Structure formats: C-alpha cells, structure tokens
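One chain comes next, on its own, written as structure tokens: the form predicted alone.
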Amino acid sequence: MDPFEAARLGPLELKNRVIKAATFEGMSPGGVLGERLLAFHRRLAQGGVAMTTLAYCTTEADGRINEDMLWLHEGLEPELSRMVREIQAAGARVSGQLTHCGSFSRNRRLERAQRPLGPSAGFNLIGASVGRPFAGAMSQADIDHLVDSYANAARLMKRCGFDAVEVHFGHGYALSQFISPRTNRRSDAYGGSHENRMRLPLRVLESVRDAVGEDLPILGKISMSDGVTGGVDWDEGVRVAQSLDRAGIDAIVTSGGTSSFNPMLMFRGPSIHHGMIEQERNPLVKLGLRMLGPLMFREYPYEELYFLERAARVRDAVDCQVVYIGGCSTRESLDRAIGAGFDFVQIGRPLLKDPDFVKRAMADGRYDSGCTHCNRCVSLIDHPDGIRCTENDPPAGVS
C-alpha cells in the first residue's frame, strides 16, 4: 500500500494514510477555545495530514486533569463548530478525542464530587500538590453518569461537524483505569475478570456508537501494555483489542504505557522529567522532580517503529482496521509501517518538528523530519503558549 493514496477509515474517505496523533496541545487556557489552537491544527492541515485530532476533549468538567483542558458542553458548540469548519477548509478531516481523567487528576474545581473518582479508592499522586491526594471509588450511579457523559459529548461532536471520534481507552485515564487490574480492584460486575473490567469501556463504546450512528468512524486508542507490574500486559492488550473489535469499533490505535505509572513506554528516549523541571514553577515540586524523577520515569532507548512487532500482534488478532503509532519520523518508517499491513499511521512529535511532514515525505523518498525525540515538547503542555518543538525556537536574540 502507498501511504499517500486515498483510503477509507470505516465510512470516511481520507486523502492519505497519515493522521495527526492526539497530543494534548495545552492551548485552551481556562478550558476556552482560542485562535492558537485553531492555528495549530490549521497549520497541520495545510501541511498535508489527512486528518488531525483535537486532543483530550473531556466528557465533563470533572474529567479534566486540570482546569485548562477542554470539556465538551453546549456553550462551546458555536466556536467549536467554527474551528472544525476552518480546519476542514484548510484540507484535513477532523477527529476529536473523547476522554476522562478518572482518578488521575489535579483539578481544583470538581463539580460533582469532593474528590476525583475512579474504579477504586486510592492515592492520587498527581493531585497531592494541589490538595487532592486521594481518589474515591465510583458508585453504580457514577458509572452510569460517566457512560451518559460520553454519549452527550459524542452527540455534541457530531453536531459540531467532526469527521471521526477517537475514544481514549489507554494511557491510565478513566477507561484504562477500569481495564487495568493494577487500578481496578472492584469485586462487583465491573472488576475481577477481563470481561468484567471491559464492561464499562464496552458500555461507553456502545453509547458513543448510538450517539454518532454509523456514518462517523470510531477509533479507540489502547495501551497494549501498561508497562507496570500488575497492569495490562502485552497478552491482555491483544484481548482488549479483540473485545473492542467484537463490539464493532472501526479502528484501534496501538499505543502503550500509562501517564500515571510509566509514560516513557509510549515516548521513548530521554526522560520527560528533565523538561518538567525546566517548566515547573513550584520550588518544592521542582525539588521532588530532581530527586524522584529518575525513579518515576524509566527511560527506554528510542528506535524507529518501536511498537511495530507488538502492534503486529494486534493487527493479526482483529478484523477491524489498525492504526500504527510509535516512532515514525521518516519516509522510510512510514513506508515500512504501511507496508507491514497497518491501515493508517498516527504521528505526533515529528509533526511538531515539521508540520509539512506529509508534503515533504511525498516529494522525497529519503525524507527525515529531523525530530530528535528529546521529549522537551511533552513538558510544555502546561506552558502558557502550549506545545511546540523547542528545537525550532530561534536562538536568543534572534527574532
């Protein structure tokens, strides 16, 4: 297959097989849409991607990790609709990533509960610095509310003109917390066996499908492995994909790792704690990162297509389409991933380095984006200007 040929994602026609991955942009201060977020995605559309993904759109206010994340509500509809139309006019389809943080939260402004809620009660490490060190367990009513919140958010996305919906089932967020035996210690119908731990995620998938119908494709991003003892391992990751496939998902995005326990499994290369120290304003948190960062963030050497063999297991085990993600920064890697039988490739950091990735790769069979995978961009999600490639910044004194 040619990575630059037109292809169908479920019912949706895409002009090529390259999709901008959902990487939280950090460009919605106070949860408000703005021109910087629009300009970011419009630039990617102009660079040739077939579809760009508006990242981390939470299904309710309490689903935000912090107060600067988007949550989908009716008051957002006019501006969100305009943003989608303008990105589409620039040449790309638009997908929205539906997610919820569950118990992984440092949100100071919870509306429904006194503390963040997940499958089980426990310590909320990320919330300790803002006075929310503990998380509670969801009741049946809380679970039902969460399912409804996904359906309501999906309906809003459809009204706003999104071309696709990506449900986040991975990376240690709410649905992932139910899937993982490390974080799900429930003894009711939502805990214990694989089937029970998948009960909520599959209810969510069903509710989103009912909300958007058959004319919008639904992608699901999974963690093929949590990368932590007691969590989802590579074998169960395949079973997660198969469960979603049997439930009628259009495509699976084969990621890995968890933001809460092992984020470096998904990033590879130098630890993100170096950049976090540079950006942190709280001196106590900065000191803690200096002392504990090397223990908290395990480093994995970077290599191109680092998930390829693991993702191939998922590809061979499901009938739905499969989207590869993980270490694709050159034309050669793009050709290899599509040649290996993956339907699409999602790209993140290399598109920050070069928004014209697709156009340049189409013209040059030896193209290299120049991304060094330093991971400094990751630490900028809380920066006032949002994420960017730090290596693209001009030297001091140069405008």
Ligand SMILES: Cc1cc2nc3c(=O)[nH]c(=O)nc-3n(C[C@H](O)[C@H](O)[C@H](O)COP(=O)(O)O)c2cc1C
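Please read these numbers as outputs of a predicted model, since none were measured by experiment. Start at 1 with the first residue shown and count on from there.
Same protein, other form: the form predicted in complex with the ligand, not shown, and the subject of what follows.
Only one of 175 to 183, 205 to 213, 266 to 274, 133 to 141 places residue heavy atoms within 4.5 angstroms of the ligand in the predicted bound form, namely 266 to 274.
Of the listed positions (G326, G257, G96, P119), a single one reaches within 4.5 angstroms of the ligand by any non-hydrogen atom in the predicted bound form, namely G326. Proximity to the ligand in the predicted bound form, defined as a heavy atom within 4.5 Å, singles out one entry of Y306, Y190, F162, F261, which is Y306.
Contact check at 4.5 Å (heavy atoms) against the ligand in the predicted bound form: none of M1, I338 and A361 pass. In the predicted bound form, none of the heavy atoms of T59 sits within 4.5 Å of a heavy atom of the ligand.
Contact annotation: H100 falls outside 4.5 Å of the ligand in the predicted bound form, judged by heavy atom distances. Put simply, L14 is far from the ligand in the predicted bound form: not one heavy atom of it is within 4.5 Å. Taking the partner from the other structure, the ligand in the predicted bound form has no heavy atom within 4.5 Å of any heavy atom of L44. Within 4.5 angstroms of the ligand in the predicted bound form, the stretch 159 to 195 places a non-hydrogen atom from each of H168, H171, taken in sequence order.
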